[in-house]
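Listed next as structure tokens is one chain, alone, in the form predicted alone.
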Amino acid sequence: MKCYITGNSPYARKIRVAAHEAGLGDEIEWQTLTREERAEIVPQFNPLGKVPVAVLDSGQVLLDSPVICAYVDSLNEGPKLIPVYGEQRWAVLTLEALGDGLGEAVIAASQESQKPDDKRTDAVVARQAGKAANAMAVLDKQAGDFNDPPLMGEISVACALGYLEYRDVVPGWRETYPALASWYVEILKRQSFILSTPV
């Protein structure tokens, strides 16, 4: 399996963390692309031109991080990152979706804020940063009940927070959401997060 990623994508990191948690990190061929390489290589696999993209040994293509993570988990012979049955499955997938949505809001705010002054819309930045803050307020209340070791939901949330911090979209978030921040400090100590730290 070959997985095309970019260096600082929260969704790429999510897959890498999941693979390491499943004990499969060294069995995947990671292909880290520059922006130029992504534009040249990825459209042949994903018509949207987005990463991450996984190409299986059979030639089958998997798009987007939830699908790729679910595939990785299907190969996982240990405890599953996505429970197979019951209410916990839907709770994990819902938390994963919230983490992915947090990442989307952070990316949108960051991309808009990097535009030149005459092309930037501050209302867009504020709206997306507001979405991120709303998500973190909910996550701060839930943090005490997060799974340990983490499942797919917690992995998604932590990767989104890493990108939020990298882009400084919500300054001072650790002080505003102390329970979430305390949990985040601890999860970063896991080997899967250490090995997947963006360069």
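Quantities reported herein were computed from a predicted structural model and do not represent experimental measurements. Throughout, we count residues from 1 along the sequence that is shown.
Below: the form predicted together with a small molecule, not depicted.
Out of the listed residues V51, A160, L139, A132, V51 is the one that sits within 4.5 Å of the small molecule in the model of the complex by at least one heavy atom.
At a distance threshold of 4.5 angstroms between non-hydrogen atoms, A108 is out of contact with the small molecule in the model of the complex. The shortest heavy atom separation between R167 and the small molecule in the model of the complex exceeds 4.5 Å.
In the model of the complex, none of the heavy atoms of W183 sits within 4.5 Å of a heavy atom of the small molecule. With the small molecule omitted here, the record of contacts in the model of the complex names 62-70 of 62-70, 25-33, 169-177, 143-151, defined by a heavy atom within 4.5 Å.
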